[in-house]
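Take a look at the structure tokens below, where one protein chain is shown in two forms, each on its own, as structure 1 and structure 2.
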Structure 1
């Protein structure tokens, strides 16, 4: 006889509250993250103190606004794509492409803000559509194609800021003219409104049904007249538009110039958007909350960088939290039982 731990699926009416399980997962994830801080120069105490400072003082919450703006813009579009079963990780490249195009129009051509932001969104649409076309017509895996395009876009940016757009011999451009910039609060409001608009489109138009049905079963969706190609293309384009717009807004509201990026770190917010989307369970409006949370975690990690904690600590913490929350929510469907098995 041996004892074996088994997970038995609960009946739908007996399932645990996923929100409570998710919060428990979040708490455990934060504890594990603090323990991970023991490997950094800040130590467990320093890490815990940085998190307490950021989460415990509501006055600091607004400081996460720049990160929230960038993360939420990419997360909402990714959530829509993931609902359709289109596993892209191209938001990072789309954001950077949006920044490049917006800078070109605003800083070099002298176009107006609206034109610059529209072009940034369009750049994201084109990149999103390219990945979707590769997937739909050439069967290229979208996860790999989108990731590799991210690296390509970062290379283009580095070429531009190190060459033709370089200012004063540095790997950065000249700042945007002051009348081509926006306040962070305005940028965040635009993102908030856009995300809510996409949520409304998902809930109240054919888009939502199409995206969900394609994601659940392509065959069934097509049987009922939902076009697979059209849906994937729409989800990829909307996701790209949001990420591109996010990049444009981040440029005009936060960075206000282009600087070189390394392929490893890149800008980072497009990658954080992936985690925010999964953390929100791919619920578009909920990505606003998850992006805020990840923005706060990122804020805490930037304060830790003074203690020589690498920036990547933020990524690790965010990933740990996603793993714990997603696992805990999944666990709400099961009951843990001990089973006696004969040899």
Structure 2
């Protein structure tokens, strides 16, 4: 007789609140990270102080707004695409494309903020639609195609800021005029409203039914009149629009100029959006919470370094906390069962 551990899915009426489970996982992750902090020069006390500075003081939570703005915009669009089975990782390139187009209109053409942000969203739409078209009509893997496009867009940015758009011979542009910038709180509010609008469209229009149907079974969806090509293209376009808008908002509210980027690391917020979408279980509205958590983790890593914690350990803390949060949220849907097996 031997025992085997098995995860059994709970009935919908038996499931716990994923938010409460996530908060419990966050608390456990912080405790484990503090205990492991004894291995660093900061010690347990220094690690605890650094983490409590971020997670224990509500006044500091607003410091995560710049990161939340960028991450949430990409995460919501990715969650919608993933629900349709369209596994793109192109939000990073779409964000950077949105920044490029927005800067061109705002900083070089002299257009207004509304036009610049609309163009940023449109740039994301075009990139998203390109990846979708490659998938639908040429059978190109969307994950690989979107990743390669990320590198192309970053290379274009580096050419512009190091060449024709360079300011004073540096690999950066001149700052945007003050009247073409936004406050961080305003940018975050725009992202919040946009994500909730997409959530409403998903829940109360045919979009949600089409996305979920295609994601679960293309053949069954088409049998009941749901267009596969139209649904994938719509999910890709909406996701691209959100990411492009997020890039434009990050430019006008936070960075306010373009700078050169590492081709293989880039901004990173589009890639963090993938993690945020996954943490949220691809629930569009829930990406707001997961994006805020990732923004706080970014702040925590900075706070840890100030407390003499090595950068490598700061990254480990992020991973530890994320693992505990994901595990706890998973347990809200499943329970662990020990199964006896006869030999």
Partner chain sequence: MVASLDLAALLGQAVIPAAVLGLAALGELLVERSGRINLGLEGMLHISYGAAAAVSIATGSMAVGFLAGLAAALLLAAIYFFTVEVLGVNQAVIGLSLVFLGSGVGVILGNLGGGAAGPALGITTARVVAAVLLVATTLGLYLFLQRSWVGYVVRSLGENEKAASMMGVDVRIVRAAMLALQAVLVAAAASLFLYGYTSGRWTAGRITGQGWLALGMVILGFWHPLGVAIASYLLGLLYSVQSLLPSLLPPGAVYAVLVDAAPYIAVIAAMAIASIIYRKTGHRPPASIWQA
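The term rigid core refers to the maximal set of C-alpha atoms that superpose within 1.5 Å between the two forms. Numbering follows the first chain given and starts at 1. Since this is a predicted model, take the numbers as computed values, not measurements.
In this pair, the copy labelled structure 2 belongs to the form predicted on its own. In the core-superposed comparison between the two structures, the CA atom of residue 38 travels 8.0 Å.
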